[in-house]
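To begin, one chain is listed below as structure tokens, in the form predicted alone.
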């Protein structure tokens, strides 16, 4: 009886360790660096920006600006807005910039007015098409990575917005060398601007735990203590994209140890050493 009991305990322990191993793989997948609106995580400060953008869309604004450093969640925000609104009104999201002018206007004609035209469409021709269309709700076009558009094309986009036939949400990087808001063409036409920031340590903890719990990785979520979070925040500066890269690598390392050297990994918390290994692997720490 005692031998049977011991064997049952061993089997339960082995099963539990296998579950944790599987969770490391699931946890890794939760931090894949992809834009998926279904994986959008609402942090209070981000939720405020989201609500402000939704409200701005309903206002009689010509253009709306969403800006922030790379990795602050602009693309994810646009994806979520599209997912939430596309069944209620005409809304188009261009995640990849269409830098060729003719292709850009041809895409607008197709996606906004359902025109399928093979010939080139220039700015004048597009405006002619636009004049023949009126709708109770002004169509919304969201342009991600808009810093990739030429100055000439951006000026034409602004002129289209002046007709109030289309409302544009422009998402741009804000860098230390280029203050987007200071550009003259934004001062004259954008009536609403929202900025996304890197997360604080507290916000980053919520972000990590929500991502893990959404992936049903509750045990792994509990392995992150405040010390872990402070270290991760110091390495990623609270940048969501960098945090994703760091944690994806962290869980890859944990999976490797689980398979090859299971006695060297803790199942109650992540050690600073393992987190620093992940930081070295991703280039956040110079080895």
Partner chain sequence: MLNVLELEQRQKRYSQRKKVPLYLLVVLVLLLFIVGVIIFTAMSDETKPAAQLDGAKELQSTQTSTEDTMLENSTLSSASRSSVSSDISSDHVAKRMRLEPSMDFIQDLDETDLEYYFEEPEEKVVSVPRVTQKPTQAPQSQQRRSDISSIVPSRERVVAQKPAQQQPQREYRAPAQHTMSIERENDMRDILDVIKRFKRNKNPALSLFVAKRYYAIGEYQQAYNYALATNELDSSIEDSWLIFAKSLYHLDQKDVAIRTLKSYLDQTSSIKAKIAIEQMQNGSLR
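Positions refer to the first chain, counted from 1. Small disclaimer: the values here were computed from a predicted structure and weren't measured.
The same protein also has a form predicted together with its partner chain, omitted here; what follows describes it.
- For residue 252, a non-hydrogen atom is located within 4.5 Å of its partner chain in the model of the complex, even though that partner is not displayed.
- Proximity of residue 25 to its partner chain in the model of the complex: non-hydrogen atoms within 4.5 Å are absent; the residue sits far from the partner.
- A residue is said to contact a partner when one of its heavy atoms sits within 4.5 Å of a partner heavy atom; residue 261 meets this definition for its partner chain in the model of the complex.
- Residue 277 belongs to the set of residues with a heavy atom inside 4.5 Å of its partner chain in the model of the complex.
- Only one of 39-47, 252-260, 222-230, 61-69 lies within 4.5 Å of its partner chain in the model of the complex by heavy atoms, and it is 252-260.
- Shown here without its partner, the chain carries 273, 281 and 285, all of which come within 4.5 Å of its partner chain in the model of the complex through at least one heavy atom.
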